[in-house]
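What follows is a single chain, given as structure tokens, in the form predicted alone.
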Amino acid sequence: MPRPKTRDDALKDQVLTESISLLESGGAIAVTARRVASDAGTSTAAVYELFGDKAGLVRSIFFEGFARLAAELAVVAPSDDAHADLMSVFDTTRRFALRSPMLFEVMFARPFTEFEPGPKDFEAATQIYSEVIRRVAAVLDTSETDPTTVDAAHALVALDRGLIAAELSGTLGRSSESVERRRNTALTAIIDGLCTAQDRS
């Protein structure tokens, strides 16, 4: 009889889960093949067989981060208030980042020297940008393919990432009230400015 397959998708998911847990508890330096294998109850050979190498493991973490955020954004239902709907996307992203700061860093920064995302890897963020683009189009009353819409969405995502990074580093404010106020001031000012510019065009 053939030997039972143990290095399957279930083990791969387990290794990925343990990798993200190690990442959040100990940072990038904690994610080693040996430590991941030990926490997942398997061998380093199995880890390499499942992911190819360290870069392959980190790439899977990178994709998993975007998949998790996309799933959270997918349940943010639109309402009659386009501005509030757009802000809800950024609020959801912020909550995700505060809950999983190291995973967020893998998605938007480069804490691992072994992995440098290429053009194909960045397709993982497509759902995120698509959701923002939809909400921006509703605010500006433009089409989702309008260059103004796409440019505004990318600029807003970059701004939100910067605000989140500042909050995580403790430089956005000393109290939750000041952080909220400064986030809302920055995002609202840009959104209102985009709306004004669109009205003038």
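The structure displayed is predicted, hence computed values, not measured ones. All residue numbers are counted from 1 along the displayed sequence. Rigid core: the largest C-alpha set superposing within 1.5 Å between the two forms.
Below, we turn to the form predicted together with a further copy of the same chain, even though it does not appear here.
_Heavy atom within 4.5 Å of a further copy of the same chain in the model of the complex - the one residue of Ala70, Ala165, Ala138, Ala37 that qualifies_ = Exactly one residue meets the criterion: Ala165.
Problem set entry | 4.5 Å heavy atom contact with a further copy of the same chain in the model of the complex for all of Thr113, Ala158 and Leu172 | Yes, because Thr113, Ala158 and Leu172 each have a heavy atom that approaches a further copy of the same chain to within 4.5 Å in the model of the complex.
task: Give a yes/no on whether Asp151 approaches a further copy of the same chain to within 4.5 Å in the model of the complex, heavy atoms considered.
output: Yes, Asp151 is a contact residue.
- Query: Does any heavy atom of Tyr129 come within 4.5 Å of a heavy atom of a further copy of the same chain in the model of the complex?
  - Reply: Yes, Tyr129 sits close enough to a further copy of the same chain in the model of the complex that at least one of its heavy atoms falls within 4.5 Å.
Legend entry - Touches a further copy of the same chain in the model of the complex: Ala186 (any heavy atom, 4.5 Å): Within the cut-off, so yes.
**Study point:** Interface membership of Asp9, a further copy of the same chain in the model of the complex, 4.5 Å heavy atom rule
**Key:** No, Asp9 sits far enough from a further copy of the same chain in the model of the complex that none of its heavy atoms falls within 4.5 Å.
Q) Using a 4.5 Å cut-off on heavy atoms, which residues of 167-201 contact a further copy of the same chain in the model of the complex? A) Counting only heavy atoms within 4.5 Å of a further copy of the same chain in the model of the complex, the contacting residues of 167-201 are Ser169, Thr171, Leu172, Arg181, Arg182, Thr185, Ala186, Ala189, Ile190, Asp192, Gly193, Leu194, Thr196, Arg200.
Core-aligned CA displacement of Thr17 at least 2 Å between the shown form and the other one:
Comparing forms between the shown form and the other one, the Thr17 CA shifts below 2 Å.
How about Gly56 - superposed on the rigid core, does its CA move between the shown form and the other one by 2 Å or more?
Not so; Gly56 is displaced by less than 2 Å.
| task | Taking the rigid core as the superposition reference, indicate whether the CA of Arg34 shifts 2 angstroms or more between the shown form and the other one. | result | Where the cores coincide, Arg34 shows only a C-alpha shift between the shown form and the other one that is less than 2 Å.
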